[in-house]
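Take a look at this single chain, the form predicted on its own, given in structure tokens.
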Amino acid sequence: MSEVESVESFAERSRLWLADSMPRVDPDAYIHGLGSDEAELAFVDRQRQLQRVLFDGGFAGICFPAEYGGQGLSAAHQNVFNIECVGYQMPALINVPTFVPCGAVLLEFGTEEQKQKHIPSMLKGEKLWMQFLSEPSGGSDVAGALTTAVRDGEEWLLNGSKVWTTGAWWSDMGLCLVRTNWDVPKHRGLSVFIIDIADPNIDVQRIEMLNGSREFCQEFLTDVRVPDSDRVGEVDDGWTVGRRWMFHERNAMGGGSPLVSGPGVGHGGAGSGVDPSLVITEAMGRTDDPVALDLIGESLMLRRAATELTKRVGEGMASGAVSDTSAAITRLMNGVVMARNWTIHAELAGSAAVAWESEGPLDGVGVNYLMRQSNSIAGGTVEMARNNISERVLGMPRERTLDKDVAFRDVPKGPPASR
């Protein structure tokens, strides 16, 4: 058995390799959004290429097991790499949801065949994964899934709709939570399947958002055939998979997942190493304005608090000092911090934020302000995080529900009929 490389040696090796192999972020390139479909597809292709560079260099999947193409190292190794790669272009798009939660779910619940087949292609950037979780009728109640899978021999027929799948139109594979049993309470009749998004019976429709982006998608599944070998976990036990699925998602959104590679909110929140609040303040000529300096201080304080909280919760979960449910704490914190930071940017820019140009340091400030609440919704709402914290971390009484121990087919699925 080979000796594990020390964290110090790995940090030094990472520093030298990054300088020699990865392109630097251009701090003067202020680009908001991706514009045309062609530009977005080119960006996705570039992300795949960068991931392949990491893989070929031996820095992909630092905490993924070596037998599936990863490096088999510790969270401490991942942390120092995340610090060293600040200022370099990194394939952040591939981290979430391909590595987390999809890759993490496969590592926990996938068969050996599934892991051997799919994890290496993830780490090479060859296959990008999405999570088919939310539904038009469900909101944050993902356990109320209406998309159905019916067994047909060694295959399953999937029918229904999923929504809010970011980037499904250019992605390859997905994890899909569906209902396989209507005669038991809703949490006991779910199963998880691997699906090929290119299947002709999956119709991907794009949704235009407030900022003009069409990255969100809704998918319509009509008699999609999936082999039973692509089932993840046991039949009707999908909620066991789902709970860990959502843990990994919250952990990634909170900046605490050891499977996520690259600088994120848990490490300062600026992939280029440049503080946007400082850039905006300089552009507005407010470097001597005490109000602006107070806002910069607030932004710095919030990001530093989020970094330290993420570190503390991550260490606590790793040691067993706190439960994995504590990932909801970092998800809540970072959702609030990101929304407030985008508000601070708008406050620093003032009226100029509502008349941004196509490029420059103010580009995107106004749109980000309008979209600030999206950080409190994506990856599980902060309201759900508050529920998890109150009930599962603090042990407060659970909210009363009317569908407990009721067969899901008997649970009302819409508003009561008017009289």
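Residues carry their position along the shown sequence, with the first being 1. Source: prediction; values computed, not measured.
Just so it is clear, the following notes concern the form predicted together with a small molecule, a form of the same protein that is not shown.
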Residue contact check: V367 to the small molecule in the predicted bound form, 4.5 Å heavy atom: no
The small molecule contact in the predicted bound form: D37, any heavy atom under 4.5 Å: no
Partner proximity in the predicted bound form: Q131 to the small molecule, non-hydrogen atom cutoff 4.5 Å: yes
Partner contact for L309 in the predicted bound form: the small molecule, 4.5 angstroms, heavy atom: no
Residue stretch of 291-299, 163-171, 106-114, 278-286 approaching the small molecule in the predicted bound form, non-hydrogen atom distance within 4.5 Å: 163-171
One residue of A378, V53, V44, A352 in contact with the small molecule, assessed in the predicted bound form (non-hydrogen atom, 4.5 angstroms): A378
Position in contact with the small molecule when the complex is considered in the predicted bound form, options G87, P120, G138, P185, heavy atoms within 4.5 Å: G138
Site check A92, N95 and F193: each within 4.5 Å of the small molecule in the predicted bound form by heavy atom: no
